[in-house]
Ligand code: PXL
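In the block that follows, a single chain appears as structure tokens, in the form predicted on its own.
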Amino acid sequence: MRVAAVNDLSSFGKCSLIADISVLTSMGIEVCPVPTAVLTAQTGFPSYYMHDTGDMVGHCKEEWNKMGVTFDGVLTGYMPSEQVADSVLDFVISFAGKDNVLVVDPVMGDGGRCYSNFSEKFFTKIKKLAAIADMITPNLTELLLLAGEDPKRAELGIMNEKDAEEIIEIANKVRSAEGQSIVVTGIPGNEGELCNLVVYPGGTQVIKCKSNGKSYSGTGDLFAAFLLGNILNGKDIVTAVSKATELIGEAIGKTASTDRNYGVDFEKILKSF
């Protein structure tokens, strides 16, 4: 199997293409990276340099169409600008379709705040991309943005029954088609818990894992990649999310660094998954 992974490449942070390539390759899936940017370190570090490689998205589309290649899955992540988002949308339209799986991680913000590259025009492109996806993996801030609600509402409280119902209602507003699945990631649960909420054709499910209460770079990328890999390997959506949730929980448990910017030590556990 073969996946096109459209994401940035950050030298430090264990995220984006580093996570995509590591996870999917370990699952027996060929990864064809499409770099949207190259960074010395992910953007959470105090200082970093970013080189925009958005033109590569168009070149990959053009050259791969000449080659006649196809993909079993397409995965999209971070895009630095509106212009790159335009190119990614063209790429996805060219290579995604009924015979493969498109997973979109709508990277726009977290913790109730938008990232610095966010703008209304950029948001419009991301929303178009999310609308044609088979699965989207927003955190709560991104889900609220996609639903046209105030992202500051991301602090809905601990994941109890009332909150779950409200988040499900918001997710159903975002779903563009009956067949689309939405996995809302990283919702705080009771003490020591982190929740992922799955809204899929025919049902909903809350899946929990242990948490130390900290957030880490790259966990969203790891989750999306492992989710796609499990789907391509024949797992149903709930099982795929459960396994991806377990992966994140185990990786957090094995992480030695106390600096969230360096990500989680997923290298220690990939063989066991």
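Position 1 is the first residue in the sequence shown; the rest follow in order. Remember, it's a predicted structure, so these values are computed and weren't measured experimentally.
Keep in mind the form predicted in complex with the named molecule is missing from the figure; the text below concerns it.
Each of I18, S22 and G263 within 4.5 Å of the named molecule in the model of the complex, by any heavy atom, yes or no? Checking in the model of the complex: none of I18, S22 and G263 is within 4.5 Å of the named molecule.
Would you check, heavy atoms only and a 4.5 Å threshold, whether Y115 touches the named molecule in the model of the complex? The answer is yes: Y115 has a heavy atom within 4.5 Å of the named molecule.
Non-hydrogen atom contact V107 with the named molecule in the model of the complex at 4.5 angstroms: Flag for V107 set to yes.
Although the named molecule is absent from this view, report whether M27 comes within 4.5 Å of it in the model of the complex, heavy atoms only. No - in the model of the complex, heavy atoms of M27 and the named molecule never come within 4.5 Å of each other.
Going by a heavy atom distance of 4.5 Å, is G229 a contact of the named molecule in the model of the complex? It does not: once the named molecule is placed as it appears in the model of the complex, G229 has no heavy atom within 4.5 Å of it.
Tell me, please, which stretch of 229-237, 39-47, 56-64, 243-251 lies within 4.5 angstroms of the named molecule in the model of the complex when heavy atoms are compared? Only one stretch qualifies here: 39-47.
Taking the named molecule in the model of the complex, which residues along 73-92 bring a heavy atom to within 4.5 Å of it? Only a single residue, Y78, comes within 4.5 Å of the partner.
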